[in-house]
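Shown below, as structure tokens, is a lone chain in the form predicted on its own; questions about how it binds or moves come after it.
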Amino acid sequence: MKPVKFSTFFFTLLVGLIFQLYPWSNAGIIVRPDFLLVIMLYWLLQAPYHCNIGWVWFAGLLVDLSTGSLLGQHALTFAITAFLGLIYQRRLVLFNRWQLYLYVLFLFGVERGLILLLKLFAGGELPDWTYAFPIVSDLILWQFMIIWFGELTRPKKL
């Protein structure tokens, strides 16, 4: 597999930010995936030489600023999710497709759970069952990332 160009990485981040900032309404806002989280997590696992936890934290901060949520809420959850993703980064290439999907689903679930926990600490109300919909749409977006940019592969030995 060819190394990923920084321009490709940056372009996908820009597209993700545009979709994140798009004014979603009605059902779209319920199922809207965390575009920046999915894109950052993919590049973090696929091309760690371009993306690191600091980039992911910064993307979370952009989401906080763009959505008007509690400052640092998404930055913290994105960084924790990225850290959990990096723990098994070397082993992920050994996983089969379904194991990888389960692990990524776990990561997206952790992010949503942490956001919920932070909202409850801030005095928010418990959301309804549709709160988990973005996890599924995150997984669908993850599949598109794999189709467009390839599956996670084992790094070549030098």
Partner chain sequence: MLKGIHQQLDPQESPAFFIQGPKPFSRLMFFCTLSLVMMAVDARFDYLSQVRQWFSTALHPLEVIASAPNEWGRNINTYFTSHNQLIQDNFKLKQQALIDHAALQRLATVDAENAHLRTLLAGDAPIIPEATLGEVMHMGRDPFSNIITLNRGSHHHITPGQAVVDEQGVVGQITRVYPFTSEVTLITDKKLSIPIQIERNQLRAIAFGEGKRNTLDIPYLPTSVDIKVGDKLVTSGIDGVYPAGLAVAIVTQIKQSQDSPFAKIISRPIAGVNNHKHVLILKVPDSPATNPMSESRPMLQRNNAQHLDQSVVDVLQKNNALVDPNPVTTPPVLDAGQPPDTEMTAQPDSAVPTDPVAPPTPPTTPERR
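The structure displayed is predicted, hence computed values, not measured ones. Residue numbers count along the first chain shown, from 1.
Beyond the structure shown, there is the form predicted together with its partner chain, which is absent from this document and is the topic of what follows.
So, L21, G68 and P127: all three within 4.5 Å of its partner chain in the predicted bound form by heavy atoms, or not?
-> The answer is yes: all three residues contact the partner (heavy atom, 4.5 Å cut-off).
Close approach of L94 to its partner chain in the predicted bound form, 4.5 Å, heavy atom = No, L94 is distant from the partner.
Please check if W98 has a heavy atom lying within 4.5 Å of any heavy atom of its partner chain in the predicted bound form.
-> No, no contact at 4.5 Å.
Hey, in the predicted bound form, does F35 get a heavy atom within 4.5 angstroms of its partner chain?
-> Result no; F35 lies far from its partner chain in the predicted bound form.
At the 4.5 Å heavy atom threshold, is L116 in contact with its partner chain in the predicted bound form?
-> Yes - in the predicted bound form, heavy atoms of L116 and its partner chain come within 4.5 Å of each other.
Pull the contact list for 68-88: residues with a heavy atom within 4.5 Å of its partner chain in the predicted bound form, in sequence order.
-> Heavy-atom contacts within 4.5 Å come from G68, S69, L70, L71, G72, Q73, A75, L76, A79, I80, F83, L86.
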